[in-house]
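First, one chain by itself in structure tokens, the form predicted on its own.
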Amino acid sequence: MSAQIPLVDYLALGDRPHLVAHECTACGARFFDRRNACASCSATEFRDADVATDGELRAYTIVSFAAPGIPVPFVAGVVDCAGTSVRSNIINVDPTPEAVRLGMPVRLATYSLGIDDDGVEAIGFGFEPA
């Protein structure tokens, strides 16, 4: 088995892959990027918080044009994971208005992005219909 690394720092791999947000200790706002201060209340202390792996699709678009080498069409969405908003591609679903709907239950899924010459596999994530 090859070693695996997540594409983004906030994807925790292992037996139960999940996302980890930075949660403001003062107001509970959650962010995936590094912050010096909370955008909601300006506090400066954060803790790691596991994000639910099940969610609901709150907004989406079907992307028809992308940078060269990016296969289209695909679905980009915003998923509500028990109150944490996650921007992600919606995977393992036909990128059509008939197959994707607002309020659709989804769950976190990981997939291989490829293996380098040293045998290290890069792992990405998306959400798929539950």
Partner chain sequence: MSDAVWILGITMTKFGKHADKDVIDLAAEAALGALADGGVSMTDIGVLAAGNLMGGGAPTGQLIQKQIGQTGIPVFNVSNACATGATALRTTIMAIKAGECDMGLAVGVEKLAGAGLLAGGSAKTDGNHWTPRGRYGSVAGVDGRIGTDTMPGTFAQIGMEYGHRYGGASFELFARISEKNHAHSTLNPLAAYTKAMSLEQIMGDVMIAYPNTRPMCSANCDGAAAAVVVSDAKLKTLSAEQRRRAVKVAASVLTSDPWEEACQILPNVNTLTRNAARQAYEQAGVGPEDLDLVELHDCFATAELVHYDNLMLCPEGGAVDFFNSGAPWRDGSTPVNVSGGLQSKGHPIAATGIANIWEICHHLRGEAGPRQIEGARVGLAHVIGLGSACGVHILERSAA
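Positions refer to the first chain, counted from 1. What you are looking at is a predicted structure, and each value in this text was computed from that prediction instead of being measured.
Missing here is the form predicted in complex with the partner chain; even so, the following discussion is about that form.
Among heavy atoms of residue 105, none comes within 4.5 Å of the partner chain in the model of the complex. In the model of the complex, residue 78 approaches the partner chain with a heavy atom inside 4.5 Å. Residue contact with the partner chain in the model of the complex: residue 14 places no heavy atom within 4.5 Å of it.
Within this chain, residue 53 is remote from the site of the partner chain in the model of the complex, having no heavy atom within 4.5 Å. Site annotation in the model of the complex: the residue of 49, 26, 59, 99 reaching within 4.5 Å of the partner chain with a heavy atom is 59.
Residues are counted as partner-facing when one of their heavy atoms sits within 4.5 Å of the partner chain in the model of the complex; in 113-128 these are 113, 114, 115, 116, 117, 118, 120, 121, 122, 125, in sequence order.
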